[in-house]
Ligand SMILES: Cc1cc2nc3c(=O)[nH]c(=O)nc-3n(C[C@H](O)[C@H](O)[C@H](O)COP(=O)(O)OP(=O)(O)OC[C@H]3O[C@@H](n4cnc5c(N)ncnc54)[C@H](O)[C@@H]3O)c2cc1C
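The form predicted on its own is given below as one chain in structure tokens.
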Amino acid sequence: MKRRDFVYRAVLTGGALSLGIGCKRKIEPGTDKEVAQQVSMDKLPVRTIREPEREIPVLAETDVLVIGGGPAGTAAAIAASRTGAETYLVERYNHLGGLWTGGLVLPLLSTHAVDKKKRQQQVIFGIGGEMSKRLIDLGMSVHEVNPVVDPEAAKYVLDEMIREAGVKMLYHTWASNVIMDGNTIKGVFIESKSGRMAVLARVVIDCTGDGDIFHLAGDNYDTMNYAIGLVHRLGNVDRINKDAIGYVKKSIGNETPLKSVNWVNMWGKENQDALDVTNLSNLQMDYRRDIWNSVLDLRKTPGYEEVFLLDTASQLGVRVSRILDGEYRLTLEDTMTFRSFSDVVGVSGAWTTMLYKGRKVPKSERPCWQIPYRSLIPKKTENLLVAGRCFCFERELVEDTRIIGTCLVTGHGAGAAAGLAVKENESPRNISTKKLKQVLTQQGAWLG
């Protein structure tokens, strides 16, 4: 591992580092005493401090750096490492899988869709397909279409797959800023219990879900408010006594590979800003209270006395926030008309009804759809790729683009592209898409 000194000069302005986050300060009349008043994040004062210049140690110089270990980031890191590129993966939590595991969003959507001959077929292959098969082999997956997995088994499988691929893992680590040379990203600053450090890389992949890296790099994007929820699991669901006097059927979620455990989804409040930390904090507390009280009420119902709250997700169910302004914006029309792309990196499926030209098209009729490489490439920033729920697409596609299967496909595509760019000593935006498709095919991906 190479190390060298790196000096970064940062002047934080415009409220990026404010005194008294979440409050405003005023001077009491006739005194010099400051009084804090709570306000929302959108009313923060433009009061700043200057961060002192300091030398930041470089933890590593690597070929590929992946930020975010959700489904997209895990697939990206494995794909990149399998090309022979030295790859680091940075994850803020203590597990891989993101919302699929820690968020308890357990279905692997969307594994199937309709082909041109109107046949229902599997579309998720490659690294995502490997993950699914391993979970099936462990007996930790139920349903062939859109399988529901056990989160702890999935965490284990993903850990083992990155270990086998030779990925260098950094858990409990947060990406806090980017290192830029003009419009070229050179690396990322990270924060952890070891302090502030830098990781330099030839290619960086933003798999943060919220587009944190392309935001910090200064690239263009759109933002979208949406519903945010919080998933929980119930235990002892196999001990419900339907013969109890006064029993009534209650909603108890959906089955998991553990016969005694169900997972319970929550749509949550609509039109929520996932980039407002005060809002996220308030939702977290409100939802946990709501879940606790709902389980208490459930246990008071005859027949449900032994059911208990097993756990709540370790992270909120953020569905979308930033959406990249990339080289190509995937459209609803593309996904409903079998559009083919010369730079396709994978195919995703359909899991829900979609409104198209005034008609509600059920998932049983929805076509499989290709994802072009250009939708993973920012317009401005060089040496940066984007995968996961924040790649470039029309808002109307949010229900398809944010799901686990699509994240796995875009992650696999971005990781393979990053590895190829390193191997060819080329910018990611200039690599041969013909060679990229060859790499993806060799790694088991299905391109339609």
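Everything numeric here is computed off the predicted structure, so don't read it as measured data. We number the residues from 1 along the sequence you see.
The form predicted together with this ligand is left out here; the points below concern that form.
**Q** Is the gap between Gly129 and this ligand in the predicted complex 4.5 Å or less for some heavy atom pair?
**A** Contact check for Gly129: no, nothing within 4.5 Å of this ligand in the predicted complex.
**Q** So in the predicted complex, is this ligand close enough to Ala421 to count as touching (4.5 Å, heavy atoms)?
**A** Flag for Ala421 set to no.
**Q** Is Gln370 close enough to touch this ligand in the predicted complex, meaning at least one heavy atom pair within 4.5 Å?
**A** No, Gln370 is distant from the partner.
**Q** Since only the chain is shown here, I'm wondering whether Val409 would be in contact with this ligand in the predicted complex (any heavy atom pair within 4.5 Å).
**A** Contact with this ligand, no.
**Q** Only one of 201 to 209, 339 to 347, 286 to 294, 362 to 370 gets a heavy atom within 4.5 Å of this ligand in the predicted complex; which is it?
**A** Contact-bearing stretch, as computed: 201 to 209.
**Q** Check each of Arg92, His215, His112, Arg134 and return the one that places a heavy atom within 4.5 angstroms of this ligand in the predicted complex.
**A** In short, Arg92.
**Q** Could you spot which one of Tyr356, Trp174, Tyr328, Phe308 gets a heavy atom to within 4.5 Å of this ligand in the predicted complex?
**A** So the residue touching this ligand in the predicted complex, by this definition, is Trp174.
**Q** At 4.5 Å, heavy atom to heavy atom, what parts of 230 to 268 sit next to this ligand in the predicted complex? List them in sequence order, or say none.
**A** Contacts from 230 to 268: Val231, Trp263, Asn265, Met266.
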